[in-house]
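Shown here is one chain on its own, the form predicted alone, set out as structure tokens.
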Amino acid sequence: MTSILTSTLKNLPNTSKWALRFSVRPLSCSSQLLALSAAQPKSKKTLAKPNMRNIVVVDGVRIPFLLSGTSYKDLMPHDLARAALLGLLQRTNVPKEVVDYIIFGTVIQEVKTSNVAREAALGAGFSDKTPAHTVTMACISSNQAMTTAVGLIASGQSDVVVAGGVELMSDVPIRHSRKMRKMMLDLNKAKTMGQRLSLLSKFRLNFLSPELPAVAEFSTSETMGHSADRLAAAFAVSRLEQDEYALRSHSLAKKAQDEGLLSDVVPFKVPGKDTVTKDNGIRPSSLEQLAKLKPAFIKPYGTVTAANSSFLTDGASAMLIMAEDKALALGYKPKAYLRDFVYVSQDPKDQLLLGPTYATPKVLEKAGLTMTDIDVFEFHEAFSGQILANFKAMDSDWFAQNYMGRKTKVGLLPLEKFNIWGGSLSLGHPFGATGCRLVMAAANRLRKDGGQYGLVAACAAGGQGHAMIVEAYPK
């Protein structure tokens, strides 16, 4: 492992000095990788604030998250979002007319439905008098949808908001080249045959080269996978540790699926096809099989592979968020309170995927909680290396002092409370929809195990991140 890491560091541009601090600090989590949750004592206090409305999640659903190119490949994003909305309506029986606003997050927008929230709402039968808008914030887009809903309700602008997210990676917009687009626009404006022939004479075959959606950071020109590989090397996260964590994610997701714990999933009858009832990316394997895969980004010495990365996913999610007094007046028993939240941003080059490390202490301090108060952790798993690098960063006094302006470390995340129903590596990651899945996983786990506080966190492109406290609603 040492020789591989040394070779990796030599082949990485601008390798961070973090490696010098973390290369001799093994994660030592292998023996805990399949640890399950233990019963947690409930905290006594609540996070309700005087003179502020309590905001609750009544319930939330998602259609099955599927590998791109499978059963959803012939649909459009608004079809998936509409299915999630219809599933939410069926699950909650909420009258459509009481919904004041609808917000959806998405990342790669379908040009025909740029405001996918509005098109999905109309398709699901909501009134044309119900406003809807779409937000985008990379992998925390539905997080932004949720917190925008919180803001609308807290300010008194709304009482009932539906928040969700959608992504369809099976059919991403592929554009003509800029030269071809310019020629086509100019041809449209040409008034005479001579003008048209003059423009056509400038055509070259390379004009036909298509433009794919960007997979690299605009500010750094680096792909997220490449950045994850560098981050893993900087924090001395080995290939074995990454594969072990990926296997943990898939094994726990499979167990949760088999035991019926993924109760947020609603069936979706795909037009012209069978009804889809469960996620199809959960594939427990073995360390021996995972070890056979070649590096996907930094070759030949990288440690990030297809198996320890989240896969391209199609899916949609939706949540019913209300003011507590409104929910009770309508006869609902909410699942959870949405409490304090924060957004963070940092260097998109070397700290692209460290959003959870920066966001976690801020949201804990804002809520007046500590790590030991948290019963459930639900973090977005972009890559195994990203998760494990965050683990190490949060457990480092040196990193806290030199990069976070803190005197002491955040603390080590307890695996027995962490993503024990699987995560994005196994369940899938439709960019715009994952945030709602995280919150509902936290709420449902709290409800099942009798815990009180959950902490949800995620990284996102651009070096951004989000964290939120979810508090169980009293049974």
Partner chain sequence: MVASRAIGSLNRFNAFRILRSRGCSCRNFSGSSALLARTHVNYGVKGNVAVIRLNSPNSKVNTLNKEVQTEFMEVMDEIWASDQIKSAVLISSKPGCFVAGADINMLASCKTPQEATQISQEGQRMFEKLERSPKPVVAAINGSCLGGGLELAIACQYRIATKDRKTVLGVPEVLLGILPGAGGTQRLPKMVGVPAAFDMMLTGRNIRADRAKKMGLVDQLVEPLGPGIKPPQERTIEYLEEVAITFANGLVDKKISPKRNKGLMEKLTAYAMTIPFVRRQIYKTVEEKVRKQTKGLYPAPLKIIDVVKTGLEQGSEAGYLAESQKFGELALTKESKALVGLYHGQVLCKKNKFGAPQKDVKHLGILGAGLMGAGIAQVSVDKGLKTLLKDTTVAGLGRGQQQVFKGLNDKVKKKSLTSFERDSIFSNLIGQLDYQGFEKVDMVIEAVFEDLSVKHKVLKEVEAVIPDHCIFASNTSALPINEIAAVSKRPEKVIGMHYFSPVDKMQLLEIITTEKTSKDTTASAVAVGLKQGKVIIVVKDGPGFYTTRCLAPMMSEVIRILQEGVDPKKLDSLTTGFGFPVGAATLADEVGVDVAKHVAEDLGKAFGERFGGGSPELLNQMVSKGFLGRKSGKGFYIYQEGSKNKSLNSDMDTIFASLRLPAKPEVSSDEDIQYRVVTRFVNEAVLCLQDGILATPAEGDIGAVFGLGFPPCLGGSSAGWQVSLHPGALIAASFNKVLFLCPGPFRFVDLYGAQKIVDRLRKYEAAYGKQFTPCQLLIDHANSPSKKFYQ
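Residue numbers count along the first chain shown, from 1. Note that the structure is a prediction, hence the values are computed from the model and not measured.
Absent from the display: the form predicted together with the partner chain. The rest refers to it.
- Only one of 350, 264, 100, 243 comes within 4.5 Å of the partner chain in the predicted bound form through a heavy atom, and that residue is 350.
- For the residues 234, 359, 168, 387, the 4.5 Å heavy atom test against the partner chain in the predicted bound form is passed only by 234.
- Within 4.5 Å of the partner chain in the predicted bound form, a heavy atom is found for every one of 226, 301 and 398.
- Judged by heavy atoms within 4.5 Å of the partner chain in the predicted bound form, the contact stretch among the candidates 264-272, 214-222, 155-163, 187-195 is 214-222.
- Using a 4.5 Å cutoff between non-hydrogen atoms, residue 230 counts as a contact of the partner chain in the predicted bound form.
- The closest heavy atom approach of residue 403 to the partner chain in the predicted bound form falls within 4.5 Å.
- Shown here without the partner chain, the chain has no residue in 322-345 lying with a heavy atom within 4.5 Å of that partner in the predicted bound form.
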